[in-house]
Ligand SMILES: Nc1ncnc2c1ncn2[C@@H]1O[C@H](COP(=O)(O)OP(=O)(O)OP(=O)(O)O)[C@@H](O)[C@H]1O
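Before any questions on how it binds or moves, here is one chain, the form predicted alone, in structure tokens.
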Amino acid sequence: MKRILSYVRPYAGWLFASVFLMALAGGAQGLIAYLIKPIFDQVLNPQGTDSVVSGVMLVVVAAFLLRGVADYFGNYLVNRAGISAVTDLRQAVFERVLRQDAQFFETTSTGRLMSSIMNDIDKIQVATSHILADWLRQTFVAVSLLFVIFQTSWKLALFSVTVIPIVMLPTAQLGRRIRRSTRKAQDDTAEVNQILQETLSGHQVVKSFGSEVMESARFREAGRRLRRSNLKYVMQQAIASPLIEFMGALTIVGLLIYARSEIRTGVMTTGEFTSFVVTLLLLYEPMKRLVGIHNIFQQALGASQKVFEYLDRPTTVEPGRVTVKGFTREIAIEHLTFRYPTSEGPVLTDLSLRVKAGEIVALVGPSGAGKSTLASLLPRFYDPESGGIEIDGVNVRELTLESLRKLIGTVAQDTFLFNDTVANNLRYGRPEASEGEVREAARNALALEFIEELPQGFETMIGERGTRLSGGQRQRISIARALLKNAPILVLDEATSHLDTESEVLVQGALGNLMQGRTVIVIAHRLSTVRRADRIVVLEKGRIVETGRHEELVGAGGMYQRLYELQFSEGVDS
């Protein structure tokens, strides 16, 4: 809880102001209870003087007004502090998650991440805004009312408050159970979100395999587990209220027996006893609320567990401090070895390669040879186990991630576009680009014609992941985006593998425009796409087995020739 509240520190001024205002509201509530005695003894007494009656009435109105105004502004300020703090916490978690390496996203469900960043933090927000406000309100009301009952009769007050420890001790034990059941409920919520995200994102696969019934059953079962967890929390949280009610009833009965003799002997007036009983009844309400608030704070603590796990998770790719402005000489890969945490052996082994500025180098080889892994090490999506990569003589580990990744443009086989306008997708890597620059990039990517035919042209919304566009159109948007970024190093990772022949011809033309004047690393299964390369590097089992031009390798009797003959025979058969 101290860690959660540390995010409130920048808003301490608002919080302290709300504490003062809530104290005023609590004092006003105590004053209202204290006025019950003069109301019975003076105002409702036919022998009371007009001046005393008027004074009591005026104080009653002032007390209610003060309580209302102070409570309103105090509630607003504490909510403002709490919501602002939780907004900062959510931003901190989002930024921390965003800086994790590719392995983190490969091993962590998107649905579970979204559940933690939204649902778990929502639980914390309730505790640090609405519930914190209520805690301050009820605490000051309880203190004020305790003062009134002790002022009225300290003997009765001592007898009455003996019930508090009886209620509080089991409630504290209950809070720990609530924390555990809340964590279980949040994990079950994350599972529901995971199923929902996967099913909706993969709806075409679900429909094509006729798996709607199966997915519905999976979602139903996850929903049942969530229901059980939530009901367990409700049962635990609700126990405190009837316990307080029962102990309060026993206390009132005891007070009535005791007060009857006190009033007979004239030790107490009817007004004093009425004031005491009403104040005591008023006191039980904030006591019940405080017990409920304690349980909700425990709920927030349970929800915060996963949130702080993400905040505390170290980033394996630590940025360097050197800023690079451009690329002029070469990329040098020296004795590079890399393995994934889940792989049995290394994916790349003692690999060395040099790519000169302006050179087009193609990486080819069978699936699993390490081509895409090598390309992903260049922008530091991962770091190698040993060896390193240098750009113009500087190890990429020493460069800031921002400056390193500005040097590299990527066009991948799985094009990701955002649910935004065409123009904003094109500007993603360079938001400040002018309208003319955007049109020029689209023209060079052979995308201008189809963009202008869209309903709103460049301002057309293209749907989630660009679903309103064809595969070839999405790929040309991706190429235009890379053109607009204007990075000197270009990585083409199977950029035409998912396209039909007609779309591939258009995309190859766009890629030709994109590759001009750049250093290009091409990854391709289709060997027809790498013939223009200055050098072809053949990988097998994480090692370089051949290097040369197409004409040299196609008759050398090695891996490249086998791959070429296999694809050629497939082409003839088809």
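Quick note: we count residues from 1 along the sequence shown, nothing fancier. These numbers come from a predicted model, not from an experiment.
Another form, the form predicted in complex with the ligand, is not on view; read the next lines as being about it.
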query: Contact segment among 463-471, 340-348, 404-412, 214-222, judged by heavy atoms lying within 4.5 Å of the ligand in the predicted complex; finding: 340-348
query: Candidate from S129, T152, T373, Q194 lying within 4.5 Å of the ligand in the predicted complex - any heavy atom; finding: T373
query: Of W135, F458, Y382, F297, the one that lies within 4.5 Å of the ligand in the predicted complex (heavy atoms); finding: Y382
query: Heavy atom of R531 within 4.5 Å of the ligand in the predicted complex; finding: no
query: S367, heavy atom within 4.5 angstroms of the ligand in the predicted complex; finding: yes
query: Close approach of H525 to the ligand in the predicted complex, 4.5 Å, heavy atom; finding: yes
query: Close approach of D312 to the ligand in the predicted complex, 4.5 Å, heavy atom; finding: no
